[in-house]
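Coming up is one lone chain in structure tokens, specifically the form predicted alone.
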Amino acid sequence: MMQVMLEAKERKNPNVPIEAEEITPAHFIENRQDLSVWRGNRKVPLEEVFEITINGEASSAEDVEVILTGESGKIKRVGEYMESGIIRIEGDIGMHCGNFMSGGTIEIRGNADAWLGREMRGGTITCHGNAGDYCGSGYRGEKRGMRGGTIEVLGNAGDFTAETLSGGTIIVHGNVGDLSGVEMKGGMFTIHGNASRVCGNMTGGTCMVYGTVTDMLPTFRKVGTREGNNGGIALTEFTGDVANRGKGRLFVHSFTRA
């Protein structure tokens, strides 16, 4: 097992973003000496931004654990295109963490900024804090968002969570922001808290809301009730979005109309 410790160095201007898409387990198993990050508009060596400590050896990326510590809330694109191994982030993390991830595990002990797990294909992301807008969704103009894997947010998530969700599983234990689940095409989206105007233009997939949906869209057709998996809470089942001839399934504990 190889353990890679990356401690973010103190920066004179901590608000300057760092783009660090090369922080994946595979890049360390390759023993690359040219790893770099973008600090603002300058490309700099990885060691200029992080104190790097490597312990142990591994024969594959699956046996590599990367631990990111220090002030990491402005560090973007960690785990982009990650295929295997583990990344543990001890604090907050910046935008686009886990972009296009297809395997492995990312664990975030703090909060995650926008676009967490953007267009993810596989693997697991667990965020112990809150996630920003567009969690598990596609980038602007992209017709398909997350396609596989699992994102679990133990806190709240922002607006447009699960937008264009096409596969995989998103679980939010708190509330989600406005217009979450819009353009859903597949997958499973579970919200244990509250939501607003959820699943507009949905054509497929399943969304379950164990809290209250405010401004419930009128273009969902009620088909019955069922008992949910969250302590036997009764849920009303809808199908839709019928405005788009959709066949998605939406289960809601309670709702209000606009």
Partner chain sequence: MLMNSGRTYKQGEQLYYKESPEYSEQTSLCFINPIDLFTLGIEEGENIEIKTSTGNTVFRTVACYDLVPGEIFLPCGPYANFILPPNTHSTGAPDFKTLEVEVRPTERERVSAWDLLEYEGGTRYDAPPEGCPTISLEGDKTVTDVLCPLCGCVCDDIELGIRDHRIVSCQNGCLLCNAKFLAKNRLITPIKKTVGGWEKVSYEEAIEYTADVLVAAERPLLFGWSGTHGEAQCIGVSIAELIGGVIDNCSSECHGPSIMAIQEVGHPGCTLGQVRNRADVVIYWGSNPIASHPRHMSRYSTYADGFFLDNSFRNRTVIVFDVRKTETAKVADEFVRVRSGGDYAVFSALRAIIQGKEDVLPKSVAGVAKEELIRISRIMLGAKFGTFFTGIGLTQSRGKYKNVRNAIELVDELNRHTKYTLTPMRGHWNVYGTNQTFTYMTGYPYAVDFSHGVAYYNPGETSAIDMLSREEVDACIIIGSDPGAHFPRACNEHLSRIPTIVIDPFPIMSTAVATMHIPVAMTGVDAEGTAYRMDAVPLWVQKVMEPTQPDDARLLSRIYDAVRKRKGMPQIKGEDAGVFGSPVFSTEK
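Numbering follows the first chain given and starts at 1. Bear in mind the structure is a predicted one, so any value in this text is a computation, not a measurement.
Unshown form predicted together with the partner chain; subsequent notes refer to it.
Taken together, the three residues 23, 189 and 206 all stay farther than 4.5 Å from the partner chain in the model of the complex, as judged by their closest heavy atom. Using a 4.5 angstroms limit between non-hydrogen atoms, residue 219 touches the partner chain in the model of the complex. For residue 27, no non-hydrogen atom is located within 4.5 Å of the partner chain in the model of the complex, even though that partner is not displayed. Contact annotation: residue 119 falls outside 4.5 Å of the partner chain in the model of the complex, judged by heavy atom distances. Taking the partner from the other structure, the partner chain in the model of the complex has a heavy atom within 4.5 Å of a heavy atom of residue 200. Contact with the partner chain, judged by heavy atoms within 4.5 Å in the model of the complex, is confined among 144 to 152, 75 to 83, 168 to 176, 101 to 109 to 75 to 83. Residues 38, 39, 40, 41, 42 of 22 to 49 are found to place at least one heavy atom within 4.5 Å of the partner chain in the model of the complex.
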